[in-house]
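The chain that follows stands alone, in the form predicted on its own, written as structure tokens.
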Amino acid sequence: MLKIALVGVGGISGAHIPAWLAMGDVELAALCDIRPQQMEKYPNIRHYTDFDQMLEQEKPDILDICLPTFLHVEFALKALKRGIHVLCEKPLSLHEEEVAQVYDAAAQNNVKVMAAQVIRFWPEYVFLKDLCHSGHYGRLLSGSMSRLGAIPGKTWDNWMHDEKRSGLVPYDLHIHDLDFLVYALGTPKKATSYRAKRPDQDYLSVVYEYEDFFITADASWFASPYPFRMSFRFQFEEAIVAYEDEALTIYERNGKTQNVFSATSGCGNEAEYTLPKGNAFADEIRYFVDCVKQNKPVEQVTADSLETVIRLLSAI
């Protein structure tokens, strides 16, 4: 049974910890955070406030890094050099050269590393990727993606609002949609960005141009309490595929509308397509665990694609 340790018991750990605990073939043995109170709600897992001590005493097989972005590389390298596999929340780094540094360290120590780019595992986006490549509805003509919400509240040491430590909207929100585009459609030929950036809010809109289609992607930290929404709308020759308000719908040119439900939703769905029922956070963790257990390459998230994403973001 693989032993797991997790560092950084903040917001995103709330998605990771339940996923680890639900897996029957791993043990989430230890948590680490410099704030002891953050770990109190997990009394059955050993607690540490000293990261090096945790690694020394626990000797985990996998480290899950849920720390603030600017700490990712430092903690990943410490673990990799000890021969520990590393799953790290996105972005792995704000700097392209550090992505290569982490992957080089993994190779040198014969262990695996993966950035948790969760949208690559999100069922609706997996479905969209497959449609883009199948040609079922003809050529892709255009697309729009959005990830909109209010500016985050207070974070530890206010790190999220510090551009040098978080990267703000481009690296916190927009990176999800750009990462998906690079993963699903390759590197765009050109990117044109527009930004309304102020100390109290940040809005970004980018047009990515490909050979014969373009994608518009918007992301925001609005000052107003705008509720978070993520969506996409892709125009093919024979259909519009839209993910809006957590519903995936296909509007075909022949007038037919399909509501795509999960395979286990019990909605009496008669549509051509169904989605697997899953949790993208659990699915990405399961994928990484399987790669470790079976000693398979981590092909779904590669260093090259991550470096491309960071390079494009740095140009914005």
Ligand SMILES: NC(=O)c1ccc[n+]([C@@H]2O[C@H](COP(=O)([O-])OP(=O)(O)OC[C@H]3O[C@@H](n4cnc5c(N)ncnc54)[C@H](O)[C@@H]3O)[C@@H](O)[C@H]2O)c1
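A residue's number is simply how far along the shown sequence it sits, counting from 1. Worth saying up front: this structure is predicted, and the values here are computed from it rather than measured.
The same protein also has a form predicted together with this ligand, omitted here; what follows describes it.
Contact with this ligand in the model of the complex, judged as any non-hydrogen atom within 4.5 angstroms, is confined among 138 to 146, 234 to 242, 88 to 96, 200 to 208 to 88 to 96. Taking the partner from elsewhere, I12 is found to have a heavy atom lying within 4.5 Å of this ligand in the model of the complex. Although the partner is absent from this view, L312 stays clear of this ligand in the model of the complex, with no non-hydrogen atom inside 4.5 angstroms. Interface membership of F261, defined by any non-hydrogen atom within 4.5 Å of this ligand in the model of the complex, is ruled out. Taking the partner from the other structure, this ligand in the model of the complex has a heavy atom within 4.5 Å of a heavy atom of L71.
A heavy atom within 4.5 Å of this ligand in the model of the complex is found for one listed residue only; from N279, T249, Q57, Q38, this is Q38. Proximity to this ligand in the model of the complex, defined as a heavy atom within 4.5 Å, holds among C66, A29, C291, I62 only for C66. If you take 157 to 178 and check each residue for a heavy atom within 4.5 Å of this ligand in the model of the complex, you get W159, M160, D172, H176, in sequence order.
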